[in-house]
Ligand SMILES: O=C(O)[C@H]1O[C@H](OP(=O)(O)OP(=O)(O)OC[C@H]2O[C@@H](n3ccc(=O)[nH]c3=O)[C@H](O)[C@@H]2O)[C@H](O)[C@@H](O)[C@@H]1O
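So this first bit is one chain, no partners, the form predicted alone, shown in structure tokens.
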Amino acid sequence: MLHIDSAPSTPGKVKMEKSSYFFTRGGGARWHYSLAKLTVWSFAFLALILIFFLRSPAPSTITSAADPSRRSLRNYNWGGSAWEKRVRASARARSSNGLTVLVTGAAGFVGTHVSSALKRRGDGVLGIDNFNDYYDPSLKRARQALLERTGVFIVEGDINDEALLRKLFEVVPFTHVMHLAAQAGVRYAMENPGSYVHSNIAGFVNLLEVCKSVNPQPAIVWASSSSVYGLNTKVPFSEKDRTDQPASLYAATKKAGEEIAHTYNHIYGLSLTGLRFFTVYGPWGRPDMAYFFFTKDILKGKQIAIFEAANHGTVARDFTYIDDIVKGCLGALDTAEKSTGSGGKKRGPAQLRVFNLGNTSPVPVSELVSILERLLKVKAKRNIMKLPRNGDVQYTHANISYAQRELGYKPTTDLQSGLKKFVRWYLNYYSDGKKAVE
């Protein structure tokens, strides 16, 4: 005997145990009851969907606070004849043998300096940046204004925007791409891991997808990181050392980038050069870097945390001045061979390289603070703390012999000289320290 309780509770998933169910005596009543029950559930489900869409914000109103990993996915205004004219003018080289370079992350620290150096020597340069709020966007806007005075136009957009990238390559046949756009910072990965996957992996893949399909394919130089060495204890770090023990998600995404680069080189013939930067510092730097916020906090009279490893071990970094990094970047661009693919198909073996760009002179963080004290003429309030398990490593030291041999790379700025230039810029940018201590 059939009972009402035997009907499934999930609407839309009516299972008939017997073919005669609806034709037995009283079956008509049961059918109408089931249909009514299904209709009620359907209306309830549709009402929930309607309420969801009415209460959900429009895509353009999504903020970084609501979803930080998507903060760069805004609607940007690009296109049109006037826009294309600016793009072409910025990317036009002064000489016939000059490079035509698309610089991603052009409003970033390294991106600004590289773009400026390329433009000064006569290459064509076009920038792209999403001006996200990982750190103060006003600093990025100031860098943008600096580049505009040199003739570099920065397109405001996201490297995940395939249509925009394809349009840029349609307007300008770039010979090279300097890919510097990335979500930086080791510690921030613990707060917002999605932003690292979005920028450092998905963004990189999107860029490579576009580059593989254009004709001619550009040669690509891109920023990896010294963080890929992770828990490696052999020093100095060599490009031949293992890099399969990342200590942070940031490091893992950069390591993933190197493997992705290998794949696109192997399958599509893209010429790819990865640069492992070692703790870059200098004027127009990133506020999330220790030397920068140490300077700010020392001027404010605030305590600064100086980390030490287990058993009072020294924490040291291979601090590399921005001008030396720029020389390495330009050397990589100048020695990059042409990609060998066409129409997304590989025609022959293509160049694949990775280089350390460091200063090869590690300095303890405590000594960094002592130099800042002398330059600022202010005593720091030091708070010695144990190195936390947040992705930071104890020691970095670059073996740069490969870059010296292949790129002619030779760093010339020691930490004392480099910090002196940074402090001069910092005090000037923040109105002789007035804004810096507000």
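As the structure is a computational prediction, the values presented were derived from the model and not from experiment. Numbers for residues come from their place in the sequence shown, where the first is 1.
What comes next is about the form predicted together with the named molecule, which is not displayed.
Participant: Would the named molecule in the predicted bound form be within 4.5 angstroms of a non-hydrogen atom of every residue among 255, 340 and 352?
Facilitator: Verified in the predicted bound form; spot residues all out of contact, no.
Participant: Heavy atoms within 4.5 Å of the named molecule in the predicted bound form: which stretch among 344-352, 93-101, 236-244, 186-194?
Facilitator: Among the candidates, contact is made by 186-194.
Participant: State yes or no: in the predicted bound form, is some non-hydrogen atom of residue 264 no more than 4.5 angstroms from a non-hydrogen atom of the named molecule?
Facilitator: Contact check for residue 264: no, nothing within 4.5 Å of the named molecule in the predicted bound form.
Participant: Is it the case that residue 167, even though its partner is missing from this view, gets within 4.5 Å of the named molecule in the predicted bound form, heavy atoms only?
Facilitator: Flag for residue 167 set to no.
Participant: With a 4.5 Å heavy atom cut-off, would you call residue 387 a contact of the named molecule in the predicted bound form?
Facilitator: Heavy-atom contact with the named molecule at 4.5 Å: present for residue 387.
Participant: Is residue 296 close enough to touch the named molecule in the predicted bound form, meaning at least one heavy atom pair within 4.5 Å?
Facilitator: No - in the predicted bound form, heavy atoms of residue 296 and the named molecule never come within 4.5 Å of each other.
Participant: Heavy atom within 4.5 Å of the named molecule in the predicted bound form: which of 290, 249, 326, 146?
Facilitator: The option sitting close enough to the partner is 290.
Participant: Find the only residue in 214, 117, 171, 315 having a heavy atom within 4.5 Å of the named molecule in the predicted bound form.
Facilitator: Here the answer is residue option 315.
Participant: Output the sequence-ordered list of residues from 224-239 with at least one heavy atom within 4.5 Å of the named molecule in the predicted bound form.
Facilitator: Heavy-atom contacts to the named molecule in the predicted bound form: 225, 226, 227.
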